[in-house]
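Shown next as structure tokens: one chain only, the form predicted alone.
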């Protein structure tokens, strides 16, 4: 199969053949149909998040099952599936307590030492950024817990976004922060994850949803996706603007969906008394954020978010149903449809703020 090989930060990908094995046991082989290009992959490619190389990136794919191992019970050839951002074992304390996104036993879903690797590149084992289910490749082979079946009538390029942007952004609102009806919300960043958080706030029944960005085209998109107000952070202090829009006090919930120190600190500063800030964006390794200690005296809370606290087999089908009902906009998030060989151009477009989501089409 052809795959995009990430060699070193700052270097272009090479597009080469990779050997992929047949499924064993509970493994599933999927032919990739579409894969979203996420800002997190761009951060890895830039070296902000160190990973072993060579590696295959891509963690927002959807495709069609080609073959299954003898012990697979949940999927069959021909099924349309979304690949999940992270595997879960189903047996560790995190999984059993309802937090499979925190699973710390993912090694249980890998092949044992001494077995043939699932993928070989130039005769050596190669893995994907989330294991073996790498999306920037024509096929994926991983444990059946890495996929969720979806209805055949759902376009795979739209469904692919559910694997990362949607479960992370919508999940941050509904699962991590648990925004209640009537609340006020600010979202810093109107890219794929930020727009998903805005949609999550709309689904939660928030009465005021304030989108913050420096790009007017993204603010216009935010209004289409459910923002009631927008703030252009390039023309003034966004915290002051948010306070004015919320009666001087700040918002009940704020979400950072960019991955920058400055916007994380602004996210926290925009809260009202008792407010909750959720940091979604992936920052560089070792990055620190500063908090005004007096904020904690006002019962403000700051929390991280891991994959939108997603329970993938439960949440992904729900979000797909929202899409089919017209309550969750996915088609509108796809700005560009590209070929695999245009991957590096897609990363550059992210950094220039030109796209909501580029989607690689394999068919």
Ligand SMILES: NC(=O)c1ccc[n+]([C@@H]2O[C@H](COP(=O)([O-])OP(=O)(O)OC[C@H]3O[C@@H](n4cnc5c(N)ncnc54)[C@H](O)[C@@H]3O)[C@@H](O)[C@H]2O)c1
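Given the structure is predicted, the values throughout are model-derived calculations rather than measurements. Numbering follows the first chain given and starts at 1.
The next section is about a form of this same protein that is not shown, the form predicted in complex with this ligand.
Partner contact region in the predicted bound form: 253-261, out of 71-79, 146-154, 253-261, 121-129, criterion any non-hydrogen atom within 4.5 Å of this ligand.
Put simply, of 186, 280, 173, 162 only one has a heavy atom within 4.5 Å of this ligand in the predicted bound form, and it is 280.
Taking 269, 203, 233, 103 one by one, only a single residue has any non-hydrogen atom within 4.5 Å of this ligand in the predicted bound form, and it is 233.
Of the heavy atoms in residue 306, some are within 4.5 Å of this ligand in the predicted bound form. This ligand in the predicted bound form is not approached by residue 35, whose heavy atoms all lie more than 4.5 angstroms from it.
Interface membership of residue 350, defined by any non-hydrogen atom within 4.5 Å of this ligand in the predicted bound form, is confirmed.
Of the heavy atoms in residue 111, none are within 4.5 Å of this ligand in the predicted bound form. Using a 4.5 Å cut-off on any heavy atom, the residues of 187-224 that reach this ligand in the predicted bound form are, in sequence order, 189, 190, 191, 192, 193, 194, 212, 213, 214, 215, 218.
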